[in-house]
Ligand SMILES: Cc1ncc(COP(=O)(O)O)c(C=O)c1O
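Before any questions on binding or motion, here is one chain by itself as structure tokens, the form predicted on its own.
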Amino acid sequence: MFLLNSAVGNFIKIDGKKYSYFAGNDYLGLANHPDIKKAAIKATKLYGVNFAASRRTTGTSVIHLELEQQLAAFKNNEEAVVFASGYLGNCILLDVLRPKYSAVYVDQQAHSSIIGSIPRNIKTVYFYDHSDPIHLETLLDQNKETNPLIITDGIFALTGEIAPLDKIYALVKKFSGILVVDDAHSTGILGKTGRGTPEYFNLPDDENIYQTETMSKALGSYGGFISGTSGLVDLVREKSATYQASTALPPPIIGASLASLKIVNDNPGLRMHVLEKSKILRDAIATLGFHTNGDGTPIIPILFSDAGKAKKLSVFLEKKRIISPFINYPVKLGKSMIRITVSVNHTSSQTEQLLEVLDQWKKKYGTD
């Protein structure tokens, strides 16, 4: 664990020392953006730091409704609903959709928020091999009597892989199921307009595709949201105990989210720029001989079969004033890794330094 004593950016400070920061999820560099900080301060001055109530009682403000309208417009949907944390989105959605399915099919490397969201009264849960639509089809074919809900990450948080959603969606159609995509790491990053994985794969608008999303990654703020038809949003507001019993998002967060969404809408080049930087760095890391993956996202893992070696590389980087954490996380990966993430704000000198240090490591310890 690293204890920060500065804002998060392409550089951070730990114990007063400056480090290059290739960690976290601030892909578009918005977490410390001056316009977003001003918006948070303005909202705090107008409304205080907390609405101190649930949305169902006295916790809904005009700025909550404004943010929900803006999110719905961004997603090209009828409505949106915001709530306390992106982590809660899968729990909320699987709860309100419960009458529509009798079995859940989950990617083996699904995020812990997905695993924890499966309702306790669901007795039929199948784990399909990671990003393997062939295995998923086999499971679906063997259990045709079920009403399937298939759930997957859009971008897998640790490895940066993009789920083969086009192939999964074809199976959803074939077996009359529904698809839930946790697009926490895809929102603002993937797709022509940053709407996430379904847009990236040019999937049609379909009432059987659902997304859970967050403002805490590329959007640089905090809180979760679900967008869709008015009927879906009404279900969340009327049926979800998690939503109803949660305190409303605080004013500075709402103000920050409104400002960050405006920046994302007004600056589509941010998304393209970070993806270009990610590709250049990923290709260079692979050229050095390290094991990574080929998906074009800002998450670049360096994979090791030995956990000890992965830990040593993270420490080696830290000694060179670069932060890229060793991953020890409750997901079935089968390998150990350090997780490098790219921000649009990283400079060429930072990436060159990172590659030089990785080359030093390679010459001393190898790449596996």
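This one's a predicted model, so the numbers in the text were calculated from it and none came from an experiment. Residue numbers run from 1 along the displayed sequence.
Note that the form predicted in complex with this ligand isn't included here; everything after this is about it.
- In the model of the complex, none of the heavy atoms of K277 sits within 4.5 Å of a heavy atom of this ligand.
- By the criterion of a heavy atom within 4.5 Å, T197 is excluded from the residues contacting this ligand in the model of the complex.
- Remark: Y87 counts among the residues lining this ligand in the model of the complex, judged by a heavy atom distance of 4.5 Å or less.
- In the model of the complex, this ligand lies farther than 4.5 Å from every heavy atom of S240.
- This chain is displayed without this ligand, yet in the model of the complex the stretch 152-160 from 255-263, 135-143, 228-236, 152-160 comes within 4.5 Å of it by heavy atoms.
- Contact with this ligand in the model of the complex, defined as a heavy atom within 4.5 Å, holds for exactly one of R282, H130, K75, H111, namely H111.
- A heavy atom within 4.5 Å of this ligand in the model of the complex is found for exactly one of Q211, T214, S117, T297: T214.
- Applying a 4.5 Å heavy atom cutoff to this ligand in the model of the complex picks out D182, A184, H185 from 173-206, in order along the sequence.
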